[in-house]
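Given next, in structure tokens, is a single chain: the form predicted alone.
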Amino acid sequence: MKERTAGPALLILPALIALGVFFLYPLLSMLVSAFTDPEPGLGNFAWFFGEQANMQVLGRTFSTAFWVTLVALVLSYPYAYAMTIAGARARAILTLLVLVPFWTSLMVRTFAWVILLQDTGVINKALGALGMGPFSLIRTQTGVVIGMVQLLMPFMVLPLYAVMSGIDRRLLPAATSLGAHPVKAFVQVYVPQSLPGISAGCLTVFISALGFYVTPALLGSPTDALISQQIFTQVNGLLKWGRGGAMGVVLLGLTLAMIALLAVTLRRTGRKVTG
């Protein structure tokens, strides 16, 4: 009996050790540093909330994550819906296009955007051929959003497709046969049933966008730095481990608060939909 219960525990032991060494230990070290470096107390948090520049960085980080999530949702929703109604071969191609970015280095894709978004890059040349531009895309928040949306879109498409593929599409013809306009039937019948996929995708993309470092550092400007860049500056540039830890703790706390708020909202929305 003991051998049966010890087997699964031994199988997950390497994963638990790796989780403890590479996740829990750095997280706890950051928490301790935030409250003890350079001296015990709340001095690092007083510094963070007392500097207006820190509040601007925090607001810019959340606004960037919001726009990335919104644009990714707008682009991914019709894409995922097309995957559910496409034939087997077209669905395989669409799925492949979603998965291809996972096989390419994040650094390579970001540098590709650095080339594309240049003032003399392909995008501005194409816009110029249409009589528009040139636009300043590189070293701006717009460039950061464009690059992050492309990198995070698979994390929005896949949860949406997983939920949409389980929705009974016969509900839409049934709603229209009862007199509902097709658009109204889609919005009031189909979209509410896809809310679990929307929430899962938005949550994944939003949280990932909050901690992005490479893309904002390469596509953005120093004046539009996000909190991940400020943490890097405090820790690696100024050796202020306590201040960097305090910024990480604030970001982690706000993220957990937003997850809790979203969970409560989804629970109430789910009750209304189910009825």
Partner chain sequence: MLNHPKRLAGTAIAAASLLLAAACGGGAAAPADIDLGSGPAQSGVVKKDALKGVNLTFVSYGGVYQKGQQDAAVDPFAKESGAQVLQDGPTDYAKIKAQVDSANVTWDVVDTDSIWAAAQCGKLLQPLDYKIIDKSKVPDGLATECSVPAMQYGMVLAYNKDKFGANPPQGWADFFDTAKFPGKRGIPGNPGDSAPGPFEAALVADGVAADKLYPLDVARATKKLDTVRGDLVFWKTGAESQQLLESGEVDMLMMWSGRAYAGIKNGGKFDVQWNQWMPIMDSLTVPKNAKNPKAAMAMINYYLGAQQQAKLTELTSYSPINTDAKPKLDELGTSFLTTRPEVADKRLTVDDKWWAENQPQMIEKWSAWLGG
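Not measured: the values here are computed from a predicted model. Numbering follows the first chain given and starts at 1.
Beyond what is shown, the protein has a form predicted together with its partner chain; the following relates to that form.
So which of L58, V249, L210, L218 reaches within 4.5 angstroms of its partner chain in the predicted bound form, heavy atom to heavy atom? By the 4.5 Å heavy-atom cutoff, the listed residue in contact is L218.
From the list A72, V145, I138, A80, which entry has a heavy atom within 4.5 Å of its partner chain in the predicted bound form? Partner contact (heavy atom, 4.5 Å) among the options: I138.
Classify T120 as contacting or not contacting its partner chain in the predicted bound form by the rule of any non-hydrogen atom within 4.5 angstroms, answering yes or no. Yes.
4.5 Å heavy atom contact, G50 and its partner chain in the predicted bound form: It does not: once its partner chain is placed as it appears in the predicted bound form, G50 has no heavy atom within 4.5 Å of it.
Looking in the predicted bound form, any heavy atom of S228 within 4.5 Å of its partner chain? S228: no contact with its partner chain in the predicted bound form.
is_contact(T36, its partner chain) in the predicted bound form, heavy atom dist at most 4.5 Å: So T36 counts as contacting its partner chain.
Segment that reaches its partner chain in the predicted bound form - one of 130 to 138, 102 to 110, 160 to 168, 86 to 94, heavy atoms within 4.5 Å: Looking at the other structure, the answer is 130 to 138.
When its partner chain is placed as it is in the predicted bound form, are T223, N236 and L239 each within 4.5 Å of it, taking any non-hydrogen atom of the residue? Looking in the predicted bound form, the three residues T223, N236 and L239 all sit within 4.5 Å of its partner chain (heavy atoms).
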